[in-house]
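The chain below stands alone and is given as structure tokens, in the form predicted on its own.
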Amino acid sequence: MKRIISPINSRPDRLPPGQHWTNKLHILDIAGPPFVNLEDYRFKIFGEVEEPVVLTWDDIQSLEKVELIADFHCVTRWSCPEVRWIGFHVNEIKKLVKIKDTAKAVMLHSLDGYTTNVPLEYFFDEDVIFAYMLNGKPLPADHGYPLRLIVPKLYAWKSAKFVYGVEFMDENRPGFWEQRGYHLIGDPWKEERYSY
């Protein structure tokens, strides 16, 4: 299993402005964890791709495993250092679908109705993974079971929980919180919390 240490962990300004360290991941979501039967779970890759793909949980488990160690920054001003995630790197998606040149961003779709957008240059970064384990144990329901996107260089609302779909889009459309005033990108070091 490949280990990835996020470059944000070694930044001289490791703690973004306006943040404070905490020793745990706090639980925030829009509706509470959905019930998931892994036999029925499907992970869909669609939108600006040549051919959409649908993966089963067994398919996901067969993808190359990586471990990511990364600080985690919430827009509500807490940051948790060196969280350990295990899952698959987003580059595995490039092996599964041919992405059209028209694609500019992705929309993550979650089982609880949540959505969030991520520009491609952030989505296909070196330290972005889809995680199904947290700190050596299966991902707990409150933290996104069965699958969670982890984007260390952006605020945590971009690290969508309960993910079932990745939609490649020809524009950077806003998701759930972005439609409600959150920033389209969400870089913690630029304090891109809100769009106004």
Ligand SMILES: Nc1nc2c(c(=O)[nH]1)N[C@H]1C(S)=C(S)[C@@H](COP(=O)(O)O)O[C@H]1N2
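Computed from a predicted structure; not experimentally measured. So that there is no doubt, residue numbering starts at 1 and follows the sequence shown.
There is another form of the same protein, the form predicted in complex with the named molecule; it is not shown, and what comes next is about it.
- Only one listed stretch (99 to 107, 119 to 127, 73 to 81, 86 to 94) carries heavy atoms within 4.5 Å of the named molecule in the predicted bound form, and that stretch is 73 to 81.
- For the residues 69, 28, 36, 133, the 4.5 Å heavy atom test against the named molecule in the predicted bound form is passed only by 28.
- Taken together, 43, 53 and 168 are entirely out of contact with the named molecule in the predicted bound form: none brings a heavy atom within 4.5 Å.
- Although the partner is absent here, residue 156 is a contact residue: one of its heavy atoms lies within 4.5 angstroms of the named molecule in the predicted bound form.
- The named molecule in the predicted bound form is not approached by residue 59, whose heavy atoms all lie more than 4.5 angstroms from it.
- In sequence order, 148, 156, 157, 159, 160, 161, 162, 177 are the residues of 146 to 184 having a heavy atom within 4.5 Å of the named molecule in the predicted bound form; the partner itself is omitted from this view.
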